[in-house]
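Single chain ahead, written as structure tokens, the form predicted alone.
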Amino acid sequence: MAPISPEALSALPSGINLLEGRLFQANQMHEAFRVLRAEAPVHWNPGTDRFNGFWSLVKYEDILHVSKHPEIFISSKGIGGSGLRETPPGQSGGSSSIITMDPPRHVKMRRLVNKGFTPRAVLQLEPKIREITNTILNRIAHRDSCDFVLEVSSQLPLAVICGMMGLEEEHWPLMFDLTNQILGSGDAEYQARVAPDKVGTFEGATLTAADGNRRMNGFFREILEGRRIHPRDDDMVSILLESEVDGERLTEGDIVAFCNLLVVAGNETTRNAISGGLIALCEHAEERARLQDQPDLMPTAVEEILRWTSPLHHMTREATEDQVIRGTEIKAGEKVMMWYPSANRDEDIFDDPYHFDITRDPNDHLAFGFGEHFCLGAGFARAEVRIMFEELLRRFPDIRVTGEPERLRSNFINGVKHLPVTFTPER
């Protein structure tokens, strides 16, 4: 992979293309964002023959403004990119999940599962989260090395969300693979199911994502059929199956889309916060030593890990009417991308934003978004990151990264695919 030079990035804001996957795979996007914040905070990113152009918002206050006005900047036209100029065959229509709904239906749908994600629900599940964490760490305890992503960081959020949904453990690896297929469709490693000549191409990515969604939806249709034959009342799938909105039961398509979102969002971003958190601690030895000397700093350390890693690169909204942001006119129908890693390093908001500080306070980062679409699982994500590092640093205090992180080629997910680590085995 050829890196993009800082000189090329810094030359002119017009030369920065945030559709370029290499920029994110090489973890060089922060330099691009720094240039944009200083020179073009509302930046037009031209499209391609396949993708629409879009406005990049890189300042904290602008992203906050858009997030506070879901009636003007809507989600129902797509949230994960600038949009294709033409919809691929077989991908039009279908049910949507809450992440691509606008008020008032979004609020009503979200209420259906809210009680499963309250602070009380998180607190009640904490002992189970700690038990799962130690079960995962037991699997590597007798060794001196592992792939931290595949064997540790991915396993905890996967187990938690699949457990909440009542999925049997035998199905968890499939959920992991399909999540990678859906969200990592632009990365050659996750395009293994497409023809060799399509790997690494736009067509390959399109086929990969479509196949992942098709398989995930098919899986949950089978789960729903099983629940109808053998009803349960103790998991998210069963709650959705019995739920009503405005006096009407949810359609099967609505439920399947909801389940798809819960699994994908519930395991991918937290996985990357844990992986990115370990990288950050290993790269900042003084902060790591301070955390290990003072474990009571863990809550603020978790917030700094979330700010620093920003597991989700962006969310997209579409303007429903002409708007002016920082003197720049955004026309109705145009896309705006809210770049969270940039907001979380905005010099106007955070003191010394390029310093990793586990005692940073206040730390009002936007890693979970803001407003109507604030991350439903934020409480669980915080608990999972905290408990994982409490147990990991207690049991393997000398754990260290021993190779270059292998990052996901994506401008949507700040993903780490592989992370080699070594540690002293437990006796």
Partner chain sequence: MARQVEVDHNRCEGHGKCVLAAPEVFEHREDDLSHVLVDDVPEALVTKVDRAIRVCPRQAIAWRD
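What you see is a predicted model; the values in this text were computed from it and never measured. Numbering follows the first chain given and starts at 1.
Below, we turn to the form predicted together with the partner chain, even though it does not appear here.
Undergrad: In the predicted complex, does each residue in the set 68, 111 and 362 place a non-hydrogen atom within 4.5 angstroms of the partner chain?
TA: The answer is yes; 68, 111 and 362 each reach the partner chain.
Undergrad: Would you check, heavy atoms only and a 4.5 Å threshold, whether residue 135 touches the partner chain in the predicted complex?
TA: Result no; residue 135 lies far from the partner chain in the predicted complex.
Undergrad: Within 4.5 Å, heavy atoms only: does residue 370 come near the partner chain in the predicted complex?
TA: Contact check for residue 370: yes, within 4.5 Å of the partner chain in the predicted complex.
Undergrad: Does any heavy atom of residue 107 come within 4.5 Å of a heavy atom of the partner chain in the predicted complex?
TA: Yes, residue 107 is a contact residue.
Undergrad: Taking any heavy atom pair closer than or equal to 4.5 Å as contact, tell me whether residue 36 reaches the partner chain in the predicted complex.
TA: Outside the cut-off, so no.
Undergrad: Residues in which of 49-57, 374-382, 391-399, 26-34 have heavy atoms within 4.5 Å of the partner chain in the predicted complex?
TA: Single hit among the candidates: 374-382.
Undergrad: Consider the chain as shown here, without its partner, and state which of 326, 355, 120, 139 has a heavy atom within 4.5 Å of the partner chain in the predicted complex.
TA: None of the other options qualify; the answer is 120.
Undergrad: Though the partner chain is not shown, can you say which of 232, 331, 115, 143 has a heavy atom within 4.5 Å of it in the predicted complex?
TA: Among 232, 331, 115, 143, a heavy atom within 4.5 Å of the partner chain in the predicted complex occurs only for 115.
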